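To begin, one chain is listed below as structure tokens, in the form predicted on its own.
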């Protein structure tokens, strides 16, 4: 199992202070990685750093809004300065749709989603590639969504970003494979997080959606610890350009 050992590796997780990102960060630290958490909420950052730090590895939490290019560039530089290098970058930070009808959607609402879910990924990965390319290795991972596979009423802009990052991943895998850089996407199903718990555990979802999940339960952030470790580790050394669905079998029904 040495291939899964992340000792001496450094992993950056954007949006790593809660939800799926925190589940990834916990898994990465548990496998021996030093972890850097980027998040907008200072209190959540501090709480996440304390939790992840219990695994005994180095943890750095930075207040970063990935929708701000200057903040991303500065934070990546600070990350490298503090940790020495970065081996894996998980572009997980994201914002959800407001449930607005498409014909009533404002340009500001459209750009709010794209600013974080698309441009934030672009800037994060651009800085990561600039760092990884001369080192000759690295793993890029983005959090996509089943909304890229299914029609998402009142969330077309959100789904567009989640489909878009998959195309980005495929291009990065082709362009930078010769530099030893791998690029993959994770596509979660219905997961109970701070973004979804207000509706996912409601009566309608419990009666209509949950029965469609073959494994019979909602996902939880810690369900993404293992896939994060795999994609950051040498165990996935020949795995690139892929979207890995983690949804309890939902898409198969």
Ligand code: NAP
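Positions refer to the first chain, counted from 1. Keep in mind the model is a prediction, meaning the values are calculated, not measured.
In what follows, reference is made to the form predicted in complex with the ligand, a form of this protein that is not presented.
With a 4.5 Å cutoff on heavy atoms, residue 116 counts as touching the ligand in the model of the complex. Contact annotation for residue 232: none of its heavy atoms lies within 4.5 Å of the ligand in the model of the complex. The ligand is not shown here, and in the model of the complex it never comes within 4.5 Å of any heavy atom of residue 183. Taking the partner from elsewhere, residue 189 is found to have a heavy atom lying within 4.5 Å of the ligand in the model of the complex. Between 154-162, 75-83, 127-135, 172-180, the stretch whose residues reach within 4.5 angstroms of the ligand in the model of the complex through a non-hydrogen atom is 154-162. Residues 94, 95 are the ones in 94-114 with at least one heavy atom within 4.5 Å of the ligand in the model of the complex, listed in sequence order.
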